[in-house]
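Shown here is one chain on its own, the form predicted alone, set out as structure tokens.
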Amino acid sequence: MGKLRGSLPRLLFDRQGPLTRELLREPGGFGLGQLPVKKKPDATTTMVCGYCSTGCGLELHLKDGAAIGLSPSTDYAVNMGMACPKGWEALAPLDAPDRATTPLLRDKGGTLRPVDWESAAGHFVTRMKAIQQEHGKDAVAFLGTGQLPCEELALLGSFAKFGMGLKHGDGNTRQCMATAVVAYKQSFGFDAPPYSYDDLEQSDVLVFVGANPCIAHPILWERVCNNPHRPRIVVLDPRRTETAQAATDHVPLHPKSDLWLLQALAHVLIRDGLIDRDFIGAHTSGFEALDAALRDFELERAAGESGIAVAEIERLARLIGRGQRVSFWWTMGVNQSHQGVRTAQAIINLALITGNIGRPGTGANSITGQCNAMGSRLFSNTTSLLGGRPWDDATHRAKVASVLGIDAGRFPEEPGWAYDQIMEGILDGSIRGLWVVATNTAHSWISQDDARQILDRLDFLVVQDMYHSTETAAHADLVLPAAGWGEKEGTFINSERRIGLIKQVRRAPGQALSDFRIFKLLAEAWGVGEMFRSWTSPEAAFELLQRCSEAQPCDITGIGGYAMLEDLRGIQWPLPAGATVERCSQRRLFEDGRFHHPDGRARLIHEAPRALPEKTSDAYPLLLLTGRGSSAQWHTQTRTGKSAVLRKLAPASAYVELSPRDAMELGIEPDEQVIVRSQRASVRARAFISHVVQPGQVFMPMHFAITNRLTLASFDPYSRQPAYKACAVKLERLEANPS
């Protein structure tokens, strides 16, 4: 970090209170703008993209030390010169006119007005402590995000849990990856996605379940297209998605019948001897129970539940059983389900009983959603302690306490509430203060109208974000302006466990600070600054995380700091001290057949399928599916909506896909405005008539705020992940409803 120079930083510095000015003077301190203004020669630097979990490498082209453009890296192991539209436009959101540039505090008249950082920090502390004094420490909670670097996630979780004394904190990773986390932990003994992206090019059979990588992860689909083995590509999806259209085999099963179909496949594989008994015997436990449960499995019922004929189920089982290198891939279509964990484990079971794990081109592979969801899973102090350590183990608490230099007595002995439980806590009055960091709850949370009413019940809501214009910021009592990707430094971990660098290549606007610096500022104001004195910079924090990971399955003590990550173009975990790794290497887990349970065996877990929480009826005869709409859109469009290029590539307004048969029966014409009605809300959308959806089903992209007004607040019982993907609706012509 350079010293403050120039008139604007000097002016902003002079306007701060004494506490903030002291922090700004710290070595590596807050430095308003956080970019040296000393001119540098034009150059190029490398970093990873800040959108999805693919984690592509980008070349940032600099002028006077600031990024003026970018291009995809040709020597990065992930993308090898490719980038999706979002990656090409990664800098555009930094220039948006609605950037949050100063703290905003809601006055007595209900208006958000600018204040300085000293006042903002003071109000944060005063209001939050007052709530804790009146209602108990557990009356305040926080919500984080998979959009923050590992170092910021760790500092947020540590300050909130150990400094503020909060028990309850979760992240928006709960909305996308919680199911995969729980499934891996229960089956493998640790949250350990086993694969490398190279497996996409090594398989002779690829099975995608509830995944549409053509749209959601375009660079991964390019890797599939580079597969030289002429693979069979099987897509299990109710919609004939872009991926399904490009596949060799599309299996258009009924929505949320995945578990029926996957268990039927396991039944046929076992029945016909298409399994690897040597691998099962040496490396798994629970096969006898699985075999007994599936022995009397009714294929005819599975066919009825899934809509896939018995003969087709048997054909698919033979395709999997006879493949030499079979890989299974899933994402939100599985995770966002009322029975997502058991569905994910049914996929894992198929890989285990056929011995398709630990070898090139194999694996039970969860594709992550956000750029740093994996970092959130391991280093956010939410569902686990730093390094993926369990909260309820005193030895693990002592280890982290020793590394951080914090009294272990400050550590909760169990994880706090999940996201949905925090929202319920607000509803019943047990949560009175909430700190939301880099996520947009009022748009993305399920059953949105209820979510917004819940947020309005809070005594004090703090929103920390790049933009003052988000749906959640509209409900805030205090808005803290944060720097974004490209305006700070740290590390992201992608889906294949690769740790990559982000760098500061732009100055954050106005008084916006990196989240890391905001957390440090608030810790000082709270009176616990000394507790985090060793967190002098993101790289210093990374060293703490390395020590917390020691002897864990995600051990990264062998990484020689940010310089090594830069030189080797990202490094997959694990890399323990003393281990070596090649530049741009591709490594997978479980090559030795040993898993992370104490006995070294993977668990085969089975449970009978459960019915949909909300079925169709005469009143609501259509099943609404939700998901990604285009590769130019991302989540709530908080960032992609700032790019003129991406706006041109994406639909301009919300639409609903319906089949030609349903359109004809309802008298709906193409592009007609229709009403989509669920038991929770009614919204207007443009009709898009397409054979992509089956009769009896409709689809709406999640990127438009109206979509989650319709969804049903249902959750997987093990992961607490929301089941966004299926609820009952009806369509009505707008002309028939002039009101």
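Please read all numbers here as calculations on a predicted model, not as lab measurements. Residue positions are given as counts along the sequence shown, with the first one as 1.
Not pictured, yet referred to below: the form predicted in complex with a small molecule.
The small molecule in the predicted bound form is approached by Pro255, whose closest heavy atom lies within 4.5 angstroms of it. At the 4.5 Å threshold, heavy atoms of Leu148 reach the small molecule in the predicted bound form. Contact check for Asp199: no non-hydrogen atom falls within 4.5 Å of the small molecule in the predicted bound form. In the predicted bound form, at least one heavy atom of Cys52 sits within 4.5 Å of a heavy atom of the small molecule. Picking from 597-605, 271-279, 216-224, 311-319 the stretch near the small molecule in the predicted bound form, with a 4.5 Å limit on heavy atoms, gives 216-224.
The candidate spot formed by Val181, Ser366 and Ser549 lies out of contact with the small molecule in the predicted bound form, as no residue has a heavy atom within 4.5 Å of it. Checked against the small molecule in the predicted bound form, the candidates Pro194, Gly333, Gly169, Gly387 yield a single residue with a heavy atom inside 4.5 Å, and that residue is Gly333. Note on the partner interface in the predicted bound form: the residue among Val505, Leu290, Ile559, Met466 having a heavy atom within 4.5 angstroms of the small molecule is Met466.
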